[in-house]
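One chain is shown next in C-alpha cells, namely the form predicted on its own.
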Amino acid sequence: MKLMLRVAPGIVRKPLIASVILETGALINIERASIDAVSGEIVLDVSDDKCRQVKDAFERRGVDVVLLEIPVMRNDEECVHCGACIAICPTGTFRFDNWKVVTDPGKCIQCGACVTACPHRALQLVLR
C-alpha cells in the first residue's frame, strides 16, 4: 500500500521515518521524495498489514498522510492509447495489452511524469 506524506515546516528536520520504523517494526520503501529546508513530500510503500499502524504513527508526529489507493486515473474517453505514458513512466505503471494501455496502480509513485506527457490530458493524479 502506498502512502503520501506531507511534512510541514517545523518537523521536516526530525527523523520521522526512522522513528516510525522503530515504533512499528514495518519495512518501509521510500519510492519518491522531495524535501527542502521547510517542507517535504514523500511517497512510501508499506505492506498492507502494517499500513494502518504506520499511517497512525506518522499522524501522531504531525505528518499529513494520504492513502494512495488509486494513485493515477485514466479517462478512457480521452485516452487514444498512444503510449506516451508507457515511454515516460519510470516505474512501469503502464503497458500495452492488445494495443490498449493498461495501468497497474500498485507501481505508481505519483511523480506526475505521465500526466505531463499525455497529449490528450487523459491522466490525473488522485489524492484520497
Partner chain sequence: MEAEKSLSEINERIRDGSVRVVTAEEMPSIVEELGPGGAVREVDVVTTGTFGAMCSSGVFLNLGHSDPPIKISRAWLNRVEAYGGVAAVDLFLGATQPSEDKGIEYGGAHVIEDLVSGRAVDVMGEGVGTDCYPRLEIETTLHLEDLNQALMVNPRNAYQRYNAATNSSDRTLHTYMGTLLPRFGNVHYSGAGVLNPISNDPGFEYIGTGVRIFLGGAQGYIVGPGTQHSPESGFATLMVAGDLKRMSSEFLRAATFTRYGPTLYVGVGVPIPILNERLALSTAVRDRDITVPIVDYGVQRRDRPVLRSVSYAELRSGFVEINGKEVPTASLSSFHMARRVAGTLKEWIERGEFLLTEQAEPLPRSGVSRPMKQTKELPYVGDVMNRDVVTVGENISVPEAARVIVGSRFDHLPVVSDEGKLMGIITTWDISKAVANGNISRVSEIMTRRVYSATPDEPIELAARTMDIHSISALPVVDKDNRVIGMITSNDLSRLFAGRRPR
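Worth saying up front: this structure is predicted, and the values here are computed from it rather than measured. Positions refer to the first chain, counted from 1.
Below, we refer to the form predicted together with the partner chain, which is not included among the displayed structures.
Contact between Arg6 and the partner chain in the predicted complex is not found at the 4.5 Å heavy atom cutoff. Although the partner is absent here, Glu77 is a contact residue: one of its heavy atoms lies within 4.5 angstroms of the partner chain in the predicted complex.
Heavy atoms of Ala117 reach within 4.5 Å of the partner chain in the predicted complex, making it an interface residue.
Heavy atoms of Arg61 never reach within 4.5 Å of the partner chain in the predicted complex, leaving it off the interface.
Only one of the listed residues (Ala87, Ile35, Met73, Ile30) places a non-hydrogen atom within 4.5 angstroms of the partner chain in the predicted complex, and that residue is Ala87. Residues placing heavy atoms within 4.5 Å of the partner chain in the predicted complex fall in a single listed stretch, namely 78-86, out of 22-30, 53-61, 39-47, 78-86. If you take 86-102 and check each residue for a heavy atom within 4.5 Å of the partner chain in the predicted complex, you get Ile86, Ala87, Ile88, Phe96, Asn98, Trp99, Lys100, in sequence order.
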